[in-house]
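Same protein, same chain, two forms; see structure 1 and structure 2 below, as structure tokens.
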Structure 1
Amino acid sequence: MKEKILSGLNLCKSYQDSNGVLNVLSGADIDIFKGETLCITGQSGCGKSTLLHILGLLDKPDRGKLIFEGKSIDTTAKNVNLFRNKRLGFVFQFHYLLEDFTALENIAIPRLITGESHKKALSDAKELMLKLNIAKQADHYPNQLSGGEQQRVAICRALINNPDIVLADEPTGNLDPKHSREVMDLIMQLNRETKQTFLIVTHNPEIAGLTDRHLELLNGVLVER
């Protein structure tokens, strides 16, 4: 029996702007199982990033519930940031590396936040860079990295605290087909080695064909593909 790690129940989210109310999520349900790779596709603007931010506890739904390992998550609890930092890894659509820090430091920061020593955080970060084949760029600042390298640094940063789930928003969005395939192969390899769960938002049908399961966000709800 597959074990659920994170579920979203009846997730609703709307935005209000000068044009009126925009319903983005209208009762989306999702079950994410331990150790799987799952992708979400959908048209631009349909709410994929919104959904991922809610599942990653970076934003709150207007209505609905999140369940992690069988327990309801209180998104208003004080320790929610700590929980996110330890259990979830996030790869953003636009990598959001900190420009004033080197690649190595960018990766180490989430580890330092947990209270880890400088030395250990940096050596763990270096180890990940070796694994993802970007150790040579450790001392580069983000503006000294190629798009593919920036994306791999962002993946290292998401992995540094050994999260149970990695949520990746278009991790290959800015890459050419070759580098896109490399990043995806890397994600699939990590999934096999570490049994970490990967939830990937993508526009790319080829990537959608690689993951264990594929959901489409359509009119504010998720449909199995």
Structure 2
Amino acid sequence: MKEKILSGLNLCKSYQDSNGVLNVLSGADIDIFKGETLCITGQSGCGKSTLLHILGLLDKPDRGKLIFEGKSIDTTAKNVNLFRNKRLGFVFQFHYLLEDFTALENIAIPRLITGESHKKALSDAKELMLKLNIAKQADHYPNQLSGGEQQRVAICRALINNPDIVLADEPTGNLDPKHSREVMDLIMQLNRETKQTFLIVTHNPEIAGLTDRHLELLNGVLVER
């Protein structure tokens, strides 16, 4: 039997705009299982990123519950930021690498936030770069890296704390087809070799075809595809 790692129950979220209230999530339910790759698709503006941000504790639902390993998550708790940094990893369309830090240092930052020593954090970051075939770029700054290299650095950064889940928001949306395929091949390889759980939000149906499961966000709820 598959082991649930993260669930969202009856998630609701709305925003006020010039035309009134915009309901983005209308009671969405989701279960994420340990070791799987799960893709969520949907039209632009349908709320995919909002859902990912809620699941990743970057935003709060208006109503609904988040369950992590069988326990309810208090999104207002003081230690929620530490929980997020340790248990969850994030990859975004725009890499959000810090320009004044090398690739190696960018990867090490989440580990340093946990209180790890500088030496150990850099050592672990270097090991990840070796694994993902970008060790030669360790001392390069973000503006010296290609788009594909930047996204590999971002994936290393997401993995540095050995998270239970990596949440990826349009991870190939800013890349050309060649580098997009390289990034997706890397994600699928990591899933096969390490059983790392990935939740990927995208508008690209080809990516959905690569993952174990595919959900579509329609009218504020999730539909299995």
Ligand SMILES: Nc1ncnc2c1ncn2[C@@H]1O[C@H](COP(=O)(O)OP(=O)(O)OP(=O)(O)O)[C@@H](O)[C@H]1O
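Note that this is a predicted model, so its numbers are computed, not measured. Only residues modelled in both forms are compared. Throughout, residue numbering runs from 1 along the sequence of structure 1. What we label the rigid core is the largest C-alpha set whose atoms superpose within 1.5 Å from one form to the other.
Note on provenance: structure 1 matches the form predicted in complex with this ligand.
With the core fitted, the CA of Asp17 sits 2.5 Å away from its counterpart between the two structures. Once the two forms are aligned on their core, only one segment of at least three consecutive shared residues with Cα displacements of 2 Å or more between the two structures appears, at 17 to 20.
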